[in-house]
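Here we start with a single chain on its own, the form predicted on its own, put down as structure tokens.
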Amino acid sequence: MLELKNIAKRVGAETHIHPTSLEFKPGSFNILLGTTLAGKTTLMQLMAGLEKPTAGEIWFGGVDVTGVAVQKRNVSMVYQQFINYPNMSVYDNIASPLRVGGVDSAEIKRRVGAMAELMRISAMLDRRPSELSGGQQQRTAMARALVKDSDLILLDEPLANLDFKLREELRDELPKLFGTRECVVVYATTEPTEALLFGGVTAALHEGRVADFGPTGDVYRQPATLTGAQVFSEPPINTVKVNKSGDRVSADGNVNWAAPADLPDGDYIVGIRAHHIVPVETPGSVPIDGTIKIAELSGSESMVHFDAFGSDWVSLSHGVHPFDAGAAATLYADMSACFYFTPDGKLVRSGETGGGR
């Protein structure tokens, strides 16, 4: 088990990681989800031993490894930007950690071959990295990290530079690859959709803090905080301050809807994801009047940014729904699917599962 015990990282007057405690179990696939500069890479470098925490401890397998150098840990790390040995062939790049570990040549050949096949680079094993495309070099770097039987594997947005088809294939293959291993896998991404595809356990990060942590589906459907919901929503989650009184919830004094029976009277922040707001009225939907800012149409989806309640709201719906910028429009929200948060951002009720957390 990998345990982060109240670790923090400060550089001068800046705090990159606020006090954080997390546990990652053996055989688990864990995701660090957050925007750029949320702290994902710094947290991984602390886990690997590439950086030392300013405070707190890091334990692995029941041993305090806080001050242990990365060279003395059985860890592999893949960055978004590929790193390969330029004077070695692809085969030798992948085989290098196995040779350092004293693995016999027959086993090296078997494992390199299997990993090259997974990464679709079997035909390139005799080439040098300079003869490869950027995507092929990244696959080589990934193969070298994954071929080693590491106790801890850290993947920092490793698929970002790959083509769409290969990304989709590897998103499916990576969890299977680690399914029979007892290693701890930590995967960093900026994409909520990618986190949902992988499943496992997710830590939602924002400005060096963990906003939520738990099974990925729970963090998505029942975010503990508004910040966690914002991290796990793309397009951004729509929010508005509301008041619940009696059997009604009202927003901005004009828009109102039936209140959940189990919601106490008081002030809340409502959050509703973009795919619960559509241009077509549905049974029980609540009309939201606004002014169109941008309409982005693709072959299968329509994304509409509109001004509502004095802020930018987003609708994401199937099909093509044209709107003119600057025009008044009415969109329809399924408020039965919204989240209710306290004014300080704690979840009270999740409409996506019909209950609180």
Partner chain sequence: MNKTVNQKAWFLVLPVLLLVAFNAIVPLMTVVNYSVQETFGNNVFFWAGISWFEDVLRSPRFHDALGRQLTFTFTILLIEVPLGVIIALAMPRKGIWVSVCLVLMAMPLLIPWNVVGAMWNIFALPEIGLLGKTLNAIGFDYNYTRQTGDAWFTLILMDVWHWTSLVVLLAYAGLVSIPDAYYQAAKIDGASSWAIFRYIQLPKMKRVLTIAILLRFMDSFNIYTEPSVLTGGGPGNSTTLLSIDLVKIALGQFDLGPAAAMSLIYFLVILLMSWIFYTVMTRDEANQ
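Numbering follows the first chain given and starts at 1. Computed from a predicted structure; not experimentally measured.
Keep in mind that the form predicted together with the partner chain is not shown, yet the notes after this line are about it.
The contact with the partner chain in the predicted complex, taken as any heavy atom within 4.5 Å, belongs to 88 out of 177, 88, 196, 114.
Comment: the partner chain is not present in this chain, but in the predicted complex one of 190, 227, 84, 256 has a heavy atom within 4.5 Å of it, namely 84.
Only one segment in the set 277 to 285, 231 to 239, 122 to 130, 181 to 189 has any non-hydrogen atom within 4.5 angstroms of the partner chain in the predicted complex, and it is 122 to 130. Using a 4.5 angstroms limit between non-hydrogen atoms, residue 144 touches the partner chain in the predicted complex. Taking the partner from the other structure, the partner chain in the predicted complex has no heavy atom within 4.5 Å of any heavy atom of residue 220. Though the partner is left out of this view, residue 75 does reach within 4.5 Å of the partner chain in the predicted complex, counting heavy atoms only. Heavy atoms of residue 244 never reach within 4.5 Å of the partner chain in the predicted complex, leaving it off the interface.
Contacts with the partner chain in the predicted complex, taken as any heavy atom within 4.5 Å, map within 30 to 67 to 45, 50.
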